[in-house]
Structure formats: structure tokens, C-alpha cells
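Let's start with one chain on its own, the form predicted alone, as C-alpha cells.
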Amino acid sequence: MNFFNRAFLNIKGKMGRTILLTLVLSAILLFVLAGIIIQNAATSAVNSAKKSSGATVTLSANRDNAFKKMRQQKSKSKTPTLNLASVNIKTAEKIGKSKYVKNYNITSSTTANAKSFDAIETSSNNQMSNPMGGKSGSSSSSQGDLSISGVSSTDQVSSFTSDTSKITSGRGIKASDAGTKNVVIEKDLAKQNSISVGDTVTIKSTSKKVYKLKVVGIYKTSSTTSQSSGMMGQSDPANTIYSSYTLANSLKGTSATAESVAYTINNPAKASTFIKDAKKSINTSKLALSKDDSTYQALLTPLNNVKSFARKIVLLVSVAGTIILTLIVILMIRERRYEIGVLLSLGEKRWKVIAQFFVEMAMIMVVSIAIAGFGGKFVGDAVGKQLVSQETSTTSVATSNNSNGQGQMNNGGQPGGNNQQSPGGSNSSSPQSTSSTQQLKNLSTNISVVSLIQLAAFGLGIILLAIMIGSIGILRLQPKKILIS
């Protein structure tokens, strides 16, 4: 009789012991499976986060070097100027052909004066005086009352991707608008001047040149600050007009340059590699590349924490399971010393005796995997929810503390701060926090064929290790002494 038949007969004949081993092994495998499916769910969520969150690398002037040169001019000139380099569009397009780039947005901003309509004028008692003697809401002779934000596509502008601005009528600016005079204006500006999609409006550049623009879309913004930060005279966001970057360049009297280019990276983990490659095509003393993968990192950290904890669950349960099974195997071998002695005296090889124990446990494991498969989903969901709840709380607290710290710096650390709240209120969570929390809540713990294969591998590993440790005594047993005793 071979050891397979003996193993089957032994399991069938000792039902009490078989049921006990099945329950013990099922409990072990149940928690191992819970850890595996949570770990797999976190891995899947991380891969999903790479696709959904993305990362942005911005090519713009190297401000650090520009300020350094300005300070050096201070000793030679009483009125040093800050000279910021522009981005060559051909160079930007060349970099945009990288395999790491999903798409890119060329930005060029300027100002102009409304001619056939009136810009929105705002006044505030909290206006901060600017270095030129006026107020932040007043225009100067060198600046217009409109902010012209030239872009490749409004779909790639941060205010539109974050839903701060939304197209309410018509369409946004597209790549096909390059070379045209199509524009998108704000809803309040359009309403005040009775402008609709399809209308033609006239503006005048600061060089007094008149341009006729076609309104192809109207957008609504919830922002309380101008999109053209750093440009004095356009304090009201409704005065921001979006156009193609080619029109903005025409208003400025340039054609082949841009202020900045934002590259959307298809895999956030490759952002650093992209920057390294892009630096070969630019003069790093004049231009700089800055990475923004905060959304990806905000998603990655809690998901990796859940994944790490799930891995620890698998490890701890595997170690504890091995110890428990080893003790059971040792007791089982002591109980079956006479049986082992008879088999060895009949000429059965020791490795076949050990193999019989392994086959017995493997047969029990098959039933245990089926039991664990039915209950693993419930245990995985319960443990997963607890982990998600804990990580969500930790992420929310960290984000809240970070936001409060930034608010104190913005309101108390800058001259003339007026303690204004961001849109949505001071207690509103950041997009990164919201995305991170949503991704955690959407953690899908499903049992797949891969999960069951991994469970079977873990189960066989635990059983093999337990049998090998517990069977050490068999190698030292002498059949004659066993039978005599």
C-alpha cells in the first residue's frame, strides 16, 4: 500500500483529529487570505492611482539664478532688474515628444484693455499698495484692465481640472485654436456686457493695437483671485480671458516663446526620469524644471501603509500558523509512534513516512482553502474597513495640520496679509486629501484566482515547514526500540 492510500485511510479513520486540524488550518488560512486580498487591493489601487492622479513637470524660468544675478547687479546699479528667461516653444515641443509625456500645456500671459465692452472694476478697503504707487485693483499705463491667459488647451489648466472653473456655454480653448483669435470669457463679464457665444469683441493691446476676438465659450469661476497672479491691475477673476498662447504672444509682440510649459506625465513614478532627460535639452542656468506629484504622493502614502500592514498580517499569521501546526504535528507523531515503528520495520523508507504526513495535511488544506475562500471575503472586508478607517483618520489629521500651518504662514507670515479664506471656506479639505480619502474608500477587496493560488502556496509552505520541523524525531527513531517499548 503506498503512502497516498495510507494518508487517505488515516484521514477517513480519524475524523475527530481531521476535523480539528481542518478548523485550525482554516482559521490560519482565513487570516492569511484576508491579508493577501487586502495587499492585492492596495497594489491595484496604487496602479490605479498612477493612471488617475498623474504628475506635472513645469518648465519655466530659473528664478533662483535670476534673483542671484539681480543681487549681483545691485552693487553696480541703483535700480537692478529681474530678468526672467522665456521658454522657446520649439524646445518645449521637442521635450513634449518624450514617451513619458501624456500631454503638455504652453502658457503665455499678458494684459490688454477692453474696447468694445467694459471690464469689471472692483474696489476694496483692504487693497494693498503696490510699488508703483497705485492699489492692487487699479490699472497703470503699462498694463491693461484685462488678463489674457494664453494656453494650449483649457482642459489642461489647473483651475479647470480642479473644477474651480467650468465651461457653462460653448467650448473651451483647444490645440486647434492656435493661430486664431478665439477666446473664452468669464460668465459675469459676459453677463454685464450682454456677450454671448459667437459674438465678436474688441480689445486693445498695451501697444495700442486693436484686435477683434471671437467668443467661442463662456466659463464660470469660483475663484476669488485673478488667474494672472503677479500682474497688477487685474484683481477680479472675471477679467481673465482665455485664448490660445499664440494670441497672447501676438499681443505681447513675441511669437516663439512662452512663460512656462506644464507637462503631464503618464506615470508619476517616471517624473524624475523625465526631468533628467529634459535637462539635456535646456540651459539649466536660465530655465528650471519643477515637479508636482503631490496628488500622487497623497494617494500613495496611505495606500502603501495599508499594503504594508496587510503584508505584516500575512507574515505574522504565517509564523504563528507554522508554530501551531508544528506543535500539532509533533503531538500527532508522538501519538503515532507505534504506527511509524511498524512501517519502518516493514522496510518503508523514512521520507515516505514523512511524505504521508505531508499528504494528509495537504488533503486537509484543500478543504481548509475552500472554507477560507468562503469566509475570506468577509474577514478581508472587516479588516480592510478598519485599516481604511484608521488611515483615513490619520491622513485627514495630517492634511488638516498641514493646511493650518500653511494658512498661518500665508496669513501671518506675509506682509499685508488680510486673512482671506480660500474658496469653499478655511476648513475645506484639499483636493489631494479628498482624492486620497476617496481612493481608500474605494479599496476593492475581491477574492480572485490569483489570491487563491497565493493562498495555496502559503498553505503548502506552512505545512511543509511544520512537517519538516515536527518530523525531525522520525529520523532518529529506531523501529526495534519503538516496538519493544
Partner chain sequence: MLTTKNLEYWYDHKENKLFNNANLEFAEGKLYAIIGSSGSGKTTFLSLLAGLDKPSAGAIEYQGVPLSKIGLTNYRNKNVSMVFQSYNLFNYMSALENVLTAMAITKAKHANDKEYVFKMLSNIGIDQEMAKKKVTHLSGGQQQRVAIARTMCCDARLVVADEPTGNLDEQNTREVLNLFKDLAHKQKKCVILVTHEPEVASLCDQIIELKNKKFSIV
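Note that this is a predicted model, so its numbers are computed, not measured. Positions refer to the first chain, counted from 1.
FYI, the form predicted together with its partner chain isn't displayed, but the following is about it.
Only one listed stretch (336 to 344, 202 to 210, 189 to 197, 271 to 279) carries heavy atoms within 4.5 Å of its partner chain in the predicted bound form, and that stretch is 336 to 344.
Of the candidates 145, 259, 236, 348, 348 is the one whose heavy atoms come within 4.5 Å of its partner chain in the predicted bound form; the others do not. Think of it this way: in the predicted bound form, its partner chain has a heavy atom of just one of 326, 356, 107, 159 within 4.5 Å, and the residue is 356.
Interface membership of residue 10, defined by any non-hydrogen atom within 4.5 Å of its partner chain in the predicted bound form, is confirmed.
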